[in-house]
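Just the one chain here, the form predicted on its own, laid out as structure tokens.
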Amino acid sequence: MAGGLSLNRVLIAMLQKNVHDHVEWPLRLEAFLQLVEAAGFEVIETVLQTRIRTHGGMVFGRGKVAEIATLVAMEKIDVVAIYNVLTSMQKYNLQQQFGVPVLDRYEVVLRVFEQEARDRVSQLQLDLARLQKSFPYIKVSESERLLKERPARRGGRGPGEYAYHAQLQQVRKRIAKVTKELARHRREHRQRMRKRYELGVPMVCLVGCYNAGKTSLFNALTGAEKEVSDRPFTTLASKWSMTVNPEIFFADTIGFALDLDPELISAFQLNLDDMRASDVVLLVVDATDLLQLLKMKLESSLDILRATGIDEARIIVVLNKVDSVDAEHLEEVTSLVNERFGLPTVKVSAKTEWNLDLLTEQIRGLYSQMGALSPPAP
């Protein structure tokens, strides 16, 4: 089971704060459900609450918390997965109420990452993301435990407090150790990127939400044979490959997900370095998605790219899987990207390799127009 859990019956809960939204929340909930299943859980129940304000201590109102607690007991639920990102205190309070582990969206994505982290750098980046998330929770949960113990003592530190501070110090040391090792890998990674810059060849990075066909397109463009899967986040470590005619470096890097937390993606600095170093960024989109879902994925992906410092003038939206959509839907998708986002688009099919020549021309044209980026600092 994901993350070492031996039990996997899960209840999903979501707080929806926009009372006027009747379209987006079901799509967000469905995307979250897919991630929960990808993490190895069996979804038994789904609970939704529409509430304008988040309850500061427990996210959900007290009545809804009681309802969930009853379902947890009745359905023998092992884990409660919350769509919303929780504070450490909210997580602690909910676990006290439910009597089972509680995971928020950030932690569910981490568990999916764990299944795909096969190389050393990916494992280190995952460790850093996990440690950064767990550190404040340890402080809250141990502080609450010590607070309950304190009335029984007459003053001074008890063994619990010494253990608490020792545990925090151990986590701090682990964060420092992982950060130091990642810094070394990052320096080596930047040296390799500088060598690519010296060749004067366009550097192009493929990004986008999982299942958009990003890796299939990478294989079609480069002749590579990377594993293609419908599982999310199968690419945690960027893969580079160079084409000969014309000469272009392509990178397939970490996939995004709807509502992927920027704090989580920020832990994967080597992947972000690849995005920042790219002269052209191909934002790959699944053209078969429902129009509203496609818009939401584009917005989520662009939010991450902006937070990463990517110049939007260097982005080309690639509408993939056009061999599987009708002309009317494709026209709606194209209009949405052009009018709503103002980004250039190229329609392709990675499966049939249709229109890849035009995509290459667009890349070369944008590279000529924008020029090459400066090489990264050593």
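As the structure is a prediction and not an experimental result, all values here were calculated from the model. One rule holds for the numbers: they count along the sequence shown, beginning at 1.
Although not depicted, the form predicted in complex with a small molecule is the subject of the following passage.
Looking at 336-344, 55-63, 322-330, 27-35, the stretch with residues near the small molecule in the predicted complex, meaning non-hydrogen atoms within 4.5 angstroms, turns out to be 322-330. Within 4.5 Å of the small molecule in the predicted complex, a heavy atom is found for not a single one of M14, F41 and V112. The contact with the small molecule in the predicted complex, taken as any heavy atom within 4.5 Å, belongs to S229 out of Q96, Q170, S229, Q191.
Put simply, of A212, V79, I82, L283 only one has a heavy atom within 4.5 Å of the small molecule in the predicted complex, and it is A212. Contact between T308 and the small molecule in the predicted complex is not found at the 4.5 Å heavy atom cutoff.
Under a 4.5 angstroms non-hydrogen atom cutoff, the small molecule in the predicted complex lacks F249 among its neighbouring residues.
Within 4.5 Å of some heavy atom of the small molecule in the predicted complex lies at least one heavy atom of A350.
Residue contact with the small molecule in the predicted complex: P202 places no heavy atom within 4.5 Å of it.
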